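Just the one chain here, laid out as structure tokens, in the form predicted on its own.
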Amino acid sequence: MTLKNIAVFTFMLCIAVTTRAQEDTTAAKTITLLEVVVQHDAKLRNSREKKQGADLQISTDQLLESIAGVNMIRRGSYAWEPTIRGLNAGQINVTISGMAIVGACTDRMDPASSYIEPNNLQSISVSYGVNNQSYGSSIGGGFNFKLKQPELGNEKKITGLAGLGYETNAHAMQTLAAVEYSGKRFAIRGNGIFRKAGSYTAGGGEKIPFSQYAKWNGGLSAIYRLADHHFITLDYIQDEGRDIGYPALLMDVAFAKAKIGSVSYQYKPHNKRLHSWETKWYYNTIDHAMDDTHRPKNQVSIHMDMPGTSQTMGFYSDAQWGLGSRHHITTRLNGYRNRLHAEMTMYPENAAPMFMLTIPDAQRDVIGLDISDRIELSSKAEIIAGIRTDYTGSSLYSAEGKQLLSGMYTGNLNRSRFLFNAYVNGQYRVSDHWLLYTNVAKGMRGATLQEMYGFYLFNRMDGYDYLGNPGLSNEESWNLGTGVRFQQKKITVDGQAFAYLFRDYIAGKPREGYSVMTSGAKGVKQYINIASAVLYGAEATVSARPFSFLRINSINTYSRGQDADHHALPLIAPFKSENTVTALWKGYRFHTTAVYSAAQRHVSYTGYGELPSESFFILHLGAGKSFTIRTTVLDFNVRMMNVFDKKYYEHLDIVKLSRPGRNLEIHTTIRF
């Protein structure tokens, strides 16, 4: 069967079997966290949004996991790593309000999503490929976590909320609060949350040791009106996690700290030409330390510490223009500098400590320009066409880092790259009920600093130590997608098929003659370019509201990929279907969610060290009600997760780590 036939068959199959319904997805729809509904972009289907709503105590990881095409790499209970259609790490961009955030951990224990909480989150925008929403060159799109901003001129000057939550599994607890002052010229919002959990129990009663964590997160946002149409905005987030267990890995985390700050100027004129203009300057620093001091001695062959730091400073300037009634131009100039440092100190018995840089003081400078034009061809058709170009410079900024790699590579290790991205997204409204859309894009990304300069980075999934390669070529991809949407008053059906055709795909290949650094490692791999690879699949959603009191929501996704050597690409989730039925009765909300995941047999143990996974079916139940007392609203939500205490794991869970068993969650939030 050809690739084209497979893609078409998969797309039609998903449309046939899906029963998902989203809540009404009009352009300005506000979406609740509790229902985890995906909203399409107001104009084109190249991005989707998820906005905050009723239950602020659901975690960011849980929120991400229920988006179509998004799967999470799980190493424990804390800081799951998001993927988009099987693409992750350097293949996607993750930003917070447009700010580049680069994790400090060599094992990717600290994705940018781990440093933001729903309490300070306005929305999550997910882009599925090359477009003007990714804040940088990309192959697979990315996530932008937009921070919640205070509002000027509210009728109530002071508003706020406070909440408590408890979960029976792992005895997890959380407290949160937020308060906002709104004046005519000045507004400010402060928020905070504290979470703590012990080790959880998997389905069937198996205790999962070293799965505990504790963290707090606080944010402060302020806006000041300088004059009509002129605003200054300040944002600051601090996130600190401590005593974080990672049962799927060989080490835990002593602490993971982030400080993220920005100042921006916004100009919002009433002008037919310039619609808006925002310029932001930002700085963030991340401090992360792995250790194994709490592991039993029989699990630790050599005690070691592995601290790492990441510092990023940058800016962007974004403007929206109108050229006549049919052309709407978006321009964005952005740039940043990121510095990574990671080290490892081993403490063998009866011997001197051994010190090594694992990311030898690597630095990346990026400057890029994005220009796009939304063209209204007619009342039924429009396209968005755009290009983006980036210059990236990669180097080692310390003498120690240069000396470390000089024994492996000769010549100048500095590298400069030009990246070019182009895209065309179009839609055509056939009738009041039918909409067709398509996209074609050429994406390009440079190797990450870890892929270029990493020095014996251990990968728990395949059990190999990895070496970087400064000679890597840019990874490129042609992205293709097409979809259809049918919408009536009571039902919306949306489905699309996609394909990514890679050239110079970056992956690890075993190297002979190298000794391992990690005790028990199977060998050493080095990053190389593979001639080609392909990734394709389909997503289908259906939103139905047959009665005013009943909503049926479902989402279905499928992906498949292989490289030029016919090895299955790693970290590709199998077919998955999540279906939710919500009923409203006398102010009460009742909902049930059924999740099914097929087995994944299309894996490559010899190529990428990946094992097959089994299918599973789990069921969640929940209920909630909001009580209003004058101007105060009390939200009460209760959920029973994994009702049948099923022992299961998802395909992307490292070392097939079992997920939590039955868990009763109780969340109460008061708003004033």
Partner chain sequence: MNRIFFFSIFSAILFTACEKENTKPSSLIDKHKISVITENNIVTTLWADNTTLQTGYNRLYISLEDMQGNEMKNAVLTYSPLMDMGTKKHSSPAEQPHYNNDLKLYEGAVVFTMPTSEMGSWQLDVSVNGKIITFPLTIQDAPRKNSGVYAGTDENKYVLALIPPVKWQVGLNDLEILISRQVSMMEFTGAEGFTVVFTPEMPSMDHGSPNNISPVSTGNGRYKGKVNYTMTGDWRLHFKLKKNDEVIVEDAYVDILF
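Numbering follows the first chain given and starts at 1. As the structure is a computational prediction, the values presented were derived from the model and not from experiment.
Only in words, not in the display: the form predicted together with its partner chain, which the text now covers.
Peer 1: Can you check whether G587 is within 4.5 Å of its partner chain in the model of the complex, heavy atom basis?
Peer 2: No, G587 sits far enough from its partner chain in the model of the complex that none of its heavy atoms falls within 4.5 Å.
Peer 1: Examine M517 and determine whether its closest non-hydrogen atom to its partner chain in the model of the complex is within 4.5 angstroms.
Peer 2: Residue-level check for M517: yes, a contact with its partner chain.
Peer 1: In the model of the complex, does A227 have a heavy atom within 4.5 Å of its partner chain?
Peer 2: Looking in the model of the complex, residue contacts with its partner chain do not include A227, since no heavy atom lies within 4.5 Å.
Peer 1: With the cut-off set at 4.5 Å between non-hydrogen atoms, does S398 touch its partner chain in the model of the complex?
Peer 2: Residue-level check for S398: no, no contact with its partner chain.
Peer 1: Only one of 350 to 358, 527 to 535, 204 to 212, 488 to 496 gets a heavy atom within 4.5 Å of its partner chain in the model of the complex; which is it?
Peer 2: Answer to the contact question: 350 to 358.
Peer 1: Which residue among I387, L377, A594, I302 has a heavy atom within 4.5 angstroms of its partner chain in the model of the complex?
Peer 2: Contact with its partner chain in the model of the complex is made by I302 alone.
Peer 1: Quick one: from L249, L413, L404, L220, grab the residue that has a heavy atom within 4.5 Å of its partner chain in the model of the complex.
Peer 2: Among L249, L413, L404, L220, a heavy atom within 4.5 Å of its partner chain in the model of the complex occurs only for L404.
Peer 1: Go through 453 to 486 residue by residue and record those having a heavy atom within 4.5 Å of its partner chain in the model of the complex; state none if no residue qualifies.
Peer 2: Going through 453 to 486 in order - heavy atoms within 4.5 Å of its partner chain in the model of the complex - the hits are F455, Y456.
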